[in-house]
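Just one chain is shown here, as structure tokens, and it is the form predicted on its own.
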Amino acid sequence: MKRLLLVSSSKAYGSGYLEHCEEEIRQLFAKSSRVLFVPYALFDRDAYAQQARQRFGEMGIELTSIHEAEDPVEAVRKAEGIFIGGGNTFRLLRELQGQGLIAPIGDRVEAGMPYLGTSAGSNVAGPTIKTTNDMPIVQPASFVALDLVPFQINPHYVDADPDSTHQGETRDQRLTEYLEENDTPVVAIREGAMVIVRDREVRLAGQAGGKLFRKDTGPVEIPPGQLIDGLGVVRE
């Protein structure tokens, strides 16, 4: 059974690193004694890996980092779980592509290896990274990502402020523009929210809700705890 936890952000207001999603992380990796961390989204991989290793250690989970492995592909094949952290989505995807990790990660997750993504790590779980909020600081080979779920993720989603004097596009407008050119639905999740995928079941969890954007329809509010339909997910 496919199992994913796609978190909007590694921190929520008023809590520490991975604190707001600790219970869900423990449940996801309950049968995984060692988890492989992917720090490619940040420049200082050593510091990032140390932060994640310490936090996972507090949860009683051993964490190794893929950037320290002699053979990254083999590290994925031997992993009992994988955690892809946040940062810049373009940098992350370029490295995943360059290291030849797209297919190996996909194969392992399809076979049941639990997957945790935060921010950029959630972005790359979708078919493409076209709904990321990040600047293209580097150029990946393509926007095609891991394609672990049949919908796009937009993390760090923010609602339009009616009192704002900002004249640029709102997040809703940007996601509507995406759907003018693309058909894949988008799950936009506010900070503090997360998407839990268990095979065919997709549920919104966490402290905040989100929105579902689909082509030719207006956005639909998703409250915490609700199953998400309309994603192209086959339901029995």
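Sequential numbering from 1, following the sequence displayed. The model shown is predicted, which means the values in this text are computed figures rather than measured ones.
Beyond the structure shown, there is the form predicted in complex with a further copy of the same chain, which is absent from this document and is the topic of what follows.
S.K.: I'd like to know if residue 115 sits close to a further copy of the same chain in the model of the complex, meaning any non-hydrogen atom pair within 4.5 angstroms.
M.R.: Residue 115 lies outside the contact set for a further copy of the same chain.
S.K.: When the contact criterion is heavy atoms within 4.5 Å, does residue 76 count as touching a further copy of the same chain in the model of the complex?
M.R.: Contact check for residue 76: no, nothing within 4.5 Å of a further copy of the same chain in the model of the complex.
S.K.: Whether residue 140 contacts a further copy of the same chain in the model of the complex should be assessed with a 4.5 Å heavy atom distance threshold; does it?
M.R.: Looking in the model of the complex, residue contacts with a further copy of the same chain include residue 140, since a heavy atom lies within 4.5 Å.
S.K.: Under a 4.5 Å heavy atom criterion, is residue 55 part of the interface with a further copy of the same chain in the model of the complex?
M.R.: No.
S.K.: Looking at heavy atoms inside 4.5 Å, which stretch does a further copy of the same chain contact in the model of the complex, given the options 62-70, 203-211, 38-46, 24-32?
M.R.: Careful reading of the contacts points to 38-46.
S.K.: Within 4.5 Å of a further copy of the same chain in the model of the complex, do we find a heavy atom from each of 2, 80 and 99?
M.R.: So, no: the whole triplet misses a further copy of the same chain.
S.K.: If you apply a 4.5 angstroms heavy atom cut-off, which residues in 153-174 are near a further copy of the same chain in the model of the complex?
M.R.: Contacting residues: 154, 156, 158, 165, 166, 167, 168, 169, 171, 174.
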